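Quick heads-up: it's one chain on its own, the form predicted alone, in structure tokens.
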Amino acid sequence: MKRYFIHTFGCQMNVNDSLRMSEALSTMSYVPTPEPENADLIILNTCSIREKAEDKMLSALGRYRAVKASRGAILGVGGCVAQQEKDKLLKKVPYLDFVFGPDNIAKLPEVIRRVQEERERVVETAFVDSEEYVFPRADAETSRGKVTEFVTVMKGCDNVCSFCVVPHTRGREVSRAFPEVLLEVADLARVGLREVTLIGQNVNSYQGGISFAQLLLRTAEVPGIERVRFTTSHPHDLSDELIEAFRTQPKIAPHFHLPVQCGSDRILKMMRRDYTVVQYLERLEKLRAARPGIAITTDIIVGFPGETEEEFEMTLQLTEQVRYDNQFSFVYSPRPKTGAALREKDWGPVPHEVKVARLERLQKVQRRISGEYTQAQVGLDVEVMVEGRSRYDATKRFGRTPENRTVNFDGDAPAGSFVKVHIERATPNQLQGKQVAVLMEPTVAPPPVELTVPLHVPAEA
């Protein structure tokens, strides 16, 4: 049997896409291997949200070139860089065999056969028309033994923010019909999953026959599902109906990732974000009133073209005012075909060293706030869904609270259990403690043999 290795970069959508690639490859009698040196097929599932991610891809391709030379392995690139660069990637990397975009995962077996049988280098990056697009249906059996999984509910984005390449790499918004979503969730619940995360580039703009709030509520009613999460959202789609869903359905996890991007109204307008800071805060206040204690996380871009020191200080002030549980913050990186990249010279590029210094200041503030949140948990008993063994200590268990805080703890409850953990120590990034009670047993016993070979390498930012 031939072996494959998938190296995944980037977001949860890419992680989910890698799982769909794995399922497609299984139809060709490929099996996964954890070591690229043993692979007959290597696929890089790429991210283009920042230039650094592209650099990581090219570096990885250089390493895998030796595997191709020694084993004759087939080498391919999928994901957003593939969609962005298309045939230019084959010219840039002469030893690359094929390139395919996110809309063409279903064609992966055909692409590989063309490479093998016709000895041609293949490019499949055409977008599928919205009316014809078919969402890949996940095979629930590949998730057996897990307790949480991603479920795609939409793809693409229509917002065209000036810094973002997603509309060029993922296309226009397409929503998956809600019966398909609920059927996939039910299949996952039947093999023992307790939590699902509904994903899409702009998930709360979902229009698959019902509103996104209604989709969350129906997902929470699927037997066996105890927690429902979602990502990523746009502030202008945070509706009153969605806020009310948080008020009424406790299975919707009390965590909301709401990207603000910047604390300056002028910069937000240049970013093509159609809200002001005041409007963002008003929606956030309603959400917190509906679900007291909800954890809020965000994305922030530092050093956007034209950003002044005063405007950066506004972002610091917003971080202090909102008190995010955590944030994903990055220096601005110009992306091809985006409005900000085309106008950066006119707006005034921020020097790299200034961007880096601002980022360090922002992250220092956020580490302090995150630490204050986690320290406040010390001495408390918290609910944790057990996901398995700790990555840091095989004698401990690992899970997350409803607020999505990571917990490593002493205990013996199997994956899929809900336990009460007494928190004894905390860092800004995790909680530590000991199991004091089992609140809920797993719904389905784990399979007799645990899967030890990963389907893909964990995603890189």
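For every residue, the number given is its place in the sequence shown, counted from 1. Just so you know, these numbers come straight off a predicted model, no measurement behind them.
What comes next is about the form predicted in complex with a small molecule, which does not appear here.
- Heavy atoms of residue 331 reach within 4.5 Å of the small molecule in the model of the complex, making it an interface residue.
- Within 4.5 Å of any heavy atom of the small molecule in the model of the complex lies no heavy atom of residue 422.
- Mapping the unseen interface onto this chain, residue 259 counts among the residues with a heavy atom inside 4.5 Å of the small molecule in the model of the complex.
- For the chain shown alone, residue 50 is a contact residue for the small molecule in the model of the complex, at least one non-hydrogen atom being within 4.5 angstroms.
- Proximity to the small molecule in the model of the complex holds for none of 150, 229 and 251, with the criterion being a heavy atom within 4.5 Å.
- Stretch-level contact analysis of 284-292, 386-394, 158-166, 316-324 against the small molecule in the model of the complex, using heavy atoms and a 4.5 Å limit, identifies 158-166.
- Residue-level contacts in the model of the complex: of 301, 199, 188, 216, one residue has a heavy atom within 4.5 Å of the small molecule, and it is 301.
- Only one of the listed residues (358, 194, 335, 255) places a non-hydrogen atom within 4.5 angstroms of the small molecule in the model of the complex, and that residue is 335.
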